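Presented below, as C-alpha cells, is a lone chain in the form predicted alone.
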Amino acid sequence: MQVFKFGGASVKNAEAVKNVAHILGLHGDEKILVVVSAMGKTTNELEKIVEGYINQSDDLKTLVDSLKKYHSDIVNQLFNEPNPSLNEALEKIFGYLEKRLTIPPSDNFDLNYDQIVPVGELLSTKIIASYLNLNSNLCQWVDARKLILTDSRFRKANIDWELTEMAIQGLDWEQNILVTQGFIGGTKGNFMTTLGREGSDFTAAIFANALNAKSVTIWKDVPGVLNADPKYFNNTEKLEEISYKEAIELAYYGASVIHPKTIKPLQNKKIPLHVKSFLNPEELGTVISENFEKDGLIPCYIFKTNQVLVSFSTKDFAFISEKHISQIFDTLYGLGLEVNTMQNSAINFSINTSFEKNKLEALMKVLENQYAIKYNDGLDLLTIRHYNDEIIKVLTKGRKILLEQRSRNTVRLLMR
C-alpha cells in the first residue's frame, strides 16, 4: 500500500478536488491511505478566527460566514444534486465551531488554537471523501484524532508512538482508499492537538511507518524539491534525488517543501518519499531515499523572513555558563520558541528565532529579572547548503550581516 498526502493548494477548489480523484484513479485497485490538508488558505482564515475569538472581535461572525461560503461554493460545484449526509456532516462541524466560539477563551493561546484550527481538515476530508464515493473511487473517512495520539503540548504535540501504532494497525480497511486528516491528532482527554504548521507531511510519515507502506508521495504545486523557494529566488533547479540526511538538513533549516519531522519515521523503515506535482502527476518529481550519491551537486538556498535576534547578558557581568544557557533553553521550550541559530561570548548569549510577539513578550517577562535582554527584529535568515564565497558575496550584497555561522557544508547569515 501507499500513502498520498495532498496539501491545501491541491484541494483549493472544485477543479482541484476533481484532480485528486483523477490521480487516485491512475492507481487502480491499489490500497492508498490519503492524508488531506485544509482547503486552500482555510488554515490562515481559521487562525484569524482564533485571533478574533481571543480578542472578542466584532468581525468573528463575518469570518465564520466567509468560511462557510467558501466550502459551500466548492460543494455546490462538485455535486449536481443535494447530498444530505455531507450537508449534515458539515453542519455538525460548523455547529461545533460556533459553539466553541461562545465559550470564554482560555489563557492558554495554544489550547484555543488547537480546538479551532483543525476544523479545516475535518471539512476538507468530509467533502473529498463524499466526492470520491460519488465518482466510484470508493473510500472510507477515518478520524485522525482517534489514530494520531499525542500528549497535550498544543500546537507542537508529541506523538505517543506505541498507542498511535496500535490504533493505526487496528484500522479496518473496508475500502481500498482511506481518507484522513493531516496536521491534527488527539489526546486521551479528547482534546484536539496539532503537530506544527505544515504538519500534514509528518502525518503521512506516521501512517506510512505504522502501516509499513511501500512509499509516501507528497503532491505539491511544484515539480519536486527545488533548490530554492521560487518566491525569493529566480532560476530554481529541481533536485532529482537526495538522501534522507540531506532532506533532514534542508527541512531543519526551513525548506518549506518538507515538514522537519517527516523524514525520521520513513528513514527508520527505509520507506522512500516522493515529492511530485499534482499538475503533472506522470512526471517523476524528486525521490528521497538512502541513496546519497547526488547530494551536494546543486547549492540550495533557504530564506526565512520575520526573524528576531535576542541577546541575553548577566546583569552582574558574570560569565554566561551552561547553567544560564540551560535556564534560557528551558524557558524557550516551555514557550514553544524554536531556535534557528545561536551564539555566545563571555557575557552574552544570543539566539535567533521567528518573531512571535506574544511569545517574545512572555520570554522577556520570565527572564528580565535575571538578564539584560535586547533584541533586533525585522531580520532575514539565509541558509546556503553547499556554498562558495562567490554565492555568498552575490546574495549578501547591500545587506548588513548581524550573525554569521559556517560549517563545512552550510553557511547561515542573519541579515538586515
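Throughout, we count residues from 1 along the sequence that is shown. Quantities reported herein were computed from a predicted structural model and do not represent experimental measurements.
If you look for the form predicted together with a small molecule, you will not find it shown, but the lines that follow are about it.
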So which of K238, R197, K245, R100 reaches within 4.5 angstroms of the small molecule in the model of the complex, heavy atom to heavy atom? R197
For the chain shown here without its partner, which stretch in 223 to 231, 198 to 206, 281 to 289, 159 to 167 has non-hydrogen atoms within 4.5 angstroms of the small molecule in the model of the complex? 198 to 206
Is T43 close enough to touch the small molecule in the model of the complex, meaning at least one heavy atom pair within 4.5 Å? yes
So, in the model of the complex, is D114 in contact with the small molecule at a 4.5 angstroms heavy atom limit? no
Taking the shortest heavy atom distance, is A38 within 4.5 Å of the small molecule in the model of the complex? yes
